[in-house]
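Only one chain is shown below, in structure tokens, and it's the form predicted on its own.
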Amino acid sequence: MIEIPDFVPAIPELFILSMACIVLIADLYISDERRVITYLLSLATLVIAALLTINLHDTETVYTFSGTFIKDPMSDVLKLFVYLVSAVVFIYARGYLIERNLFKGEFYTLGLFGVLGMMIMISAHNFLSIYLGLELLSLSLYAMVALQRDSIHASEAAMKYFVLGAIASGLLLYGMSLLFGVTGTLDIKEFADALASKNLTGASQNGISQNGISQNIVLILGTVMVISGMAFKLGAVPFHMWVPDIYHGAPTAVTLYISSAPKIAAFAMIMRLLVDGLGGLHAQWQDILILMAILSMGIGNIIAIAQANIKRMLAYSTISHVGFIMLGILSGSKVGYSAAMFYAIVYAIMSAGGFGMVLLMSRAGFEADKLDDFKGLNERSSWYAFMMLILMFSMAGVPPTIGFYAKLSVIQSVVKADLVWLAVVAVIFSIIGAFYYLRIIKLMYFDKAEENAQITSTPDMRFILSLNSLAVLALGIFPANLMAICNAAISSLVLI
């Protein structure tokens, strides 16, 4: 007898899927003059999905679809922030897309399918469902990067992103197949139980399989390949080579999308794979993450100093922030996991604001993607200069912005894990990284403007961008609520 799965926990996903298809079909019959309907439908989809998620929220953990889908407090919180950040991205992008004749339904349809992929990644409880969610997101991003078809840079970036992404996906999938070969299951909980029952988590275990190959060797190889695939999707060193080129080559509205919400989903993927599934091998993958975190913070912050293009600078900044997220994960404690979750959410909000400012400064025929384009911004608009100052201070980790508390929380988790030397390294690289953020502030307030063109944008973008920046400051002054939400979400997890 076929068991009918419980569809209730997946109602938000089903709604997003249905609306993405409806928007795709409806857009065929909408003229360019009325394209705003597609935009409003997309925003309404995210709002209703958020309401559905809130209405279905529960402190209990629920499994459905034969255990491949999990609904827990962490998934609900992360999905809500994915909706929020994605909606902000859609609002920021509208004016930019209109001015470049890119205001098409494809951007919003692909954006909604990308959100669906993120939601599946967040709620996945099986290696294959994680992979399917990741590929749905990745395929949407590949197409979005190539959206500006008459741009050589965008086409080159899309091709590079696709080729490297395919290699990383193959690496991740092959790693999963090796792990399946050792345990005989793709279910994350069953996989963790199999590791424990077979005593494969001990460093001295040498269980030889029938074909003479050590199961531990296969297990470690699979773990390394899975981590490598995840590191590429995160943009961590040494798998970071795609980040600056794609951020630079893609239309800025697409770069904004890539740099923000997917980082929240990537955090969830790490939690499901490494913590829930491979938690018993923490001693093995902790050393890998330590090395990747140090390299990401170091290379990201140091190379960012040499950048003259703000999109490339923020790309290397992303790499360094990924290193800080890894600090919380590698600590191996619930305190560290909640700190990493807090950091991922905060970074998505900061990144949305940072690239939103680049979109604000851009206009038809002009991409404000050079640092010099921000010269004298205080003379042109003291309000937007102040908004950018808040965002740069937050990314640099200057109190009382939320970025300071994000960095402080992950560093504290590393100290509690008796890795004081690593915390010192993180502080040193954070200080180095402050230079290129402060350089933008210097350009805005102490250099003369090279042009005096009026800064124009839609009213909704001006309001949301101001709200975005002020929220970074307000959350920094009152960080306890967001921290409490992350702590509660992580505390509900049943960790190995």
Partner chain sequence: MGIDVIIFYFFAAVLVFAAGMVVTVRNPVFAALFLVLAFFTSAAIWMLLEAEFLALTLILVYVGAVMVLFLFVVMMLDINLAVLKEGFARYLPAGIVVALLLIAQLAVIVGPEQFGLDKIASPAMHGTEYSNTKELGRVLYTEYLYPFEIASAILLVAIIAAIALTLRKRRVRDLMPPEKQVAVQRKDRVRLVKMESEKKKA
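Positions refer to the first chain, counted from 1. Because the structure is predicted, anything quoted here is derived from the model rather than measured.
Unshown form predicted together with the partner chain; subsequent notes refer to it.
Visitor: Quick check for you: of 354-362, 386-394, 327-335, 129-137, which stretch puts a non-hydrogen atom within 4.5 Å of the partner chain in the predicted complex?
Guide: Every other range fails; the passing one is 129-137.
Visitor: Among Ile477, Cys21, Ala484, Ile11, which has any heavy atom within 4.5 Å of the partner chain in the predicted complex?
Guide: Checking each option against the partner chain in the predicted complex, the one that comes within 4.5 Å is Cys21.
Visitor: Identify which of Leu314, Ile120, Ile345, Ile188 has a heavy atom within 4.5 Å of the partner chain in the predicted complex; exactly one of them does.
Guide: Checked against the cut-off, the match is Ile120.
Visitor: Evaluate Phe65 for contact with the partner chain in the predicted complex, applying a 4.5 angstroms cut-off between non-hydrogen atoms, and reply yes or no.
Guide: Contact with the partner chain, yes.
Visitor: Is Gly181 close enough to touch the partner chain in the predicted complex, meaning at least one heavy atom pair within 4.5 Å?
Guide: The answer is yes: Gly181 has a heavy atom within 4.5 Å of the partner chain.
Visitor: Against the partner chain in the predicted complex, would Leu17 count as a contact residue? Criterion: heavy atoms within 4.5 Å.
Guide: So Leu17 counts as contacting the partner chain.
Visitor: Is there a heavy atom of Leu419 no more than 4.5 Å from a heavy atom of the partner chain in the predicted complex?
Guide: Contact check for Leu419: no, nothing within 4.5 Å of the partner chain in the predicted complex.
Visitor: Determine the residues of 137-151 with a heavy atom within 4.5 Å of the partner chain in the predicted complex and present them in sequence order; the list may be empty.
Guide: Heavy-atom contacts within 4.5 Å come from Leu139, Ser140, Ala143, Ala146, Leu147, Arg149, Asp150.
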